[in-house]
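The chain below stands alone and is given as structure tokens, in the form predicted on its own.
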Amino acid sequence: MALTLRQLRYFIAAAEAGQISQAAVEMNISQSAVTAGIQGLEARLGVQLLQRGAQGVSVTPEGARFLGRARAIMAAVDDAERSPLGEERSVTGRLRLGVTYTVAGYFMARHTAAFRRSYPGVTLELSELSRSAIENALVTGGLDLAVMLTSNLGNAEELEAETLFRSRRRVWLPSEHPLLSAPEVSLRDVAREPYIMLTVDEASRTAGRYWDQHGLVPQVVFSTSSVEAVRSMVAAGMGVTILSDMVYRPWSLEGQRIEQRTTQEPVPSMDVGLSWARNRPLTAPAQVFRAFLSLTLGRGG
């Protein structure tokens, strides 16, 4: 089987991050997908590229030599993929972009920075708003475009939506928790545990839908709008939670480990994408941003 660009991206990300888990977080994919991709690449090349250890991964001598080649390949691919947008780089104007809290904190920074470098003629005005406020501003003309949780979209009649990627929801557990003994955890088992409920970006409302679907009620011991508070409390053993891979980090601010397990029952993903008004054509800057983000995320998956 021929090596793939996806395998190269996974290898480069893991080599630069020094951790498979961190590379997975940065690329919004599962850790197992990164591991499998790198193992496939190593099998194809017949050499070990990364040395696995307790603190993460390090590049082997063979991996260091191949890393330079991999970066050169990806640079050439990036240049080729940017070429269809070459004429659009002269676009100027203002783009009023709405973002929700989770998108602003865990997704937008590197993409908006890259867009500004690529399209200096576009003035990007970012506004962090609630979903309902964003939907209203799109309909009334206060915003040109939004990056939001399209899985939460309420006004589907007046708004168009394009999902860019889906972030899987998993159970977060403190290290050495008994439920870690199995590769999957049932919602019934989770419901028996103290539960830390995130409320920001309608997370509690979304969770309520799948809990209700299975006739279960989590034992909520604390509700908070802070993802970092959830992370710290789970890591400290105060409870468990179910949240998306996009906001997952393997360590709390205090340096305690957080583990993940998939659920036996299907739990809806957290979908991130674009939304705009149906009855209003996208401005030129909005069209360029949509194309840029779609291309960027298409390369990342």
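Numbering starts at 1 and runs along the sequence shown. Between two forms, the rigid core is the largest collection of C-alphas that superpose within 1.5 Å. Computed from a prediction, not measured in an experiment: that's the story for all the values here.
Although not depicted, the form predicted in complex with the DNA is the subject of the following passage.
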One stretch from 33-41, 265-273, 62-70, 229-237 that, in the predicted bound form, holds residues within 4.5 Å of the DNA by heavy atom: 33-41
The DNA in the predicted bound form reached by all of 6, 29 and 257, non-hydrogen atom within 4.5 Å: yes
Contact assignment for the DNA in the predicted bound form, among 94, 192, 111, 168, heavy atom within 4.5 Å: 168
The DNA contact at residue 57 in the predicted bound form, heavy atom, 4.5 Å: yes
Non-hydrogen atom contact residue 10 with the DNA in the predicted bound form at 4.5 angstroms: yes
is_contact(residue 287, the DNA) in the predicted bound form, heavy atom dist at most 4.5 Å: no
Non-hydrogen atom contact residue 15 with the DNA in the predicted bound form at 4.5 angstroms: no
CA of residue 42, rigid core aligned, shift of 2 Å or more between this form and the one not shown: yes
